[in-house]
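We begin with a single chain expressed as structure tokens, specifically the form predicted on its own.
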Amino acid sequence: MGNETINLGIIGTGGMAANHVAKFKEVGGCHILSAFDIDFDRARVFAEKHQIHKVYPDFEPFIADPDLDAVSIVTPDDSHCSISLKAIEKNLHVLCEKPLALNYADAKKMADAAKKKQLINMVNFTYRNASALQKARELIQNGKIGEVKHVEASYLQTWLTAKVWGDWRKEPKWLWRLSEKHGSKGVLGDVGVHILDFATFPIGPLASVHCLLKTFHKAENDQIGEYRLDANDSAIITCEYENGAIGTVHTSRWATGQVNSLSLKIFADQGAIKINLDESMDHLMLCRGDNVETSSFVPIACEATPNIFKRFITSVRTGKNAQPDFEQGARIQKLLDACFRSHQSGQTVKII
């Protein structure tokens, strides 16, 4: 699209939508043209607050606007597939919140549709923005720590035990995430999707998973209003990588004292890498060379990486699809599906 301004539409005007608007405004070269939400009053208030001049009570005229170039989908998980397919049908580029879909079949359908139309497509795996993770991948792919043998990864949140993000018992933006009926796949679908991408991006794909999910009692009859609190709260995954390494990946909303904590430890035969995003997004700890014998780690500064909003706009402008795209979203969805099957069967599931 050269130097033309890229017109964006925001679909879904809940809590995360404000972040999308703010980040796109930082990019430059794009304009938030319009907004849509099934709750028109919420969309109208959102549009006024963010100076968005077009706001629609109905989806069809929104998606059919000839001035629209791309959409950012910030809706509950169960609507990602249908909305993305309608946007692609209208030849719109799509940035979609994670998880890409509720299952691999839908995610693959989305990836195939975007590829067929040659449209830019990306899924918001936020932590790809951490330059520490990008540097870890570079070091491993270049053989700087040897062959990876063992991995530990975790994503821990405290919002079921503290009110640092709000009171989940009173706010629909949290309650829906605890209810399968309202489109949630629990902590595994919500943030487990991030940690599975985080744990595989630097190292490579998984060959198998064994998963245990747990839903804890949270309210009388495990129900608050219309919300049945039945989505999983904690997940523990043991896995084997295609390269033979093994690992543990776990995530929970019951991690008291951990507001929003991601960590990754990668142990190889010639070195090790530790990433703790609570401490830094742009530094990692590296043990290699002479430091292996003394078990010493040194901090490594990592060159900044453009965030996904900038990468998306650059992709639309150049026609070259940056990562993570819908195909990567589908690969992670295949892992999620395998985790659910493993929990249900109590067996290790191979990734085919």
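Numbers for residues come from their place in the sequence shown, where the first is 1. Here the structure is a predicted model, which is why all the values come from computation and not from measurement.
The next section is about a form of this same protein that is not shown, the form predicted in complex with a small molecule.
Among S252, T200, S179, T75, the residue placing a heavy atom within 4.5 Å of the small molecule in the predicted complex is T75. Residue-level contacts in the predicted complex: of T158, S208, T126, T215, one residue has a heavy atom within 4.5 Å of the small molecule, and it is T126. Not displayed here, the small molecule is approached by H194 to within 4.5 Å at the level of heavy atoms in the predicted complex. For the chain shown alone, K173 is a contact residue for the small molecule in the predicted complex, at least one non-hydrogen atom being within 4.5 angstroms. For P99, a non-hydrogen atom is located within 4.5 Å of the small molecule in the predicted complex, even though that partner is not displayed.
Contact between Y56 and the small molecule in the predicted complex is not found at the 4.5 Å heavy atom cutoff. Using a 4.5 Å cut-off to the small molecule in the predicted complex, not one of I275, F297 and P299 places a heavy atom inside that distance.
Of the candidate stretches 118-126, 143-151, 237-245, 262-270, only 118-126 has residues whose heavy atoms lie within 4.5 Å of the small molecule in the predicted complex.
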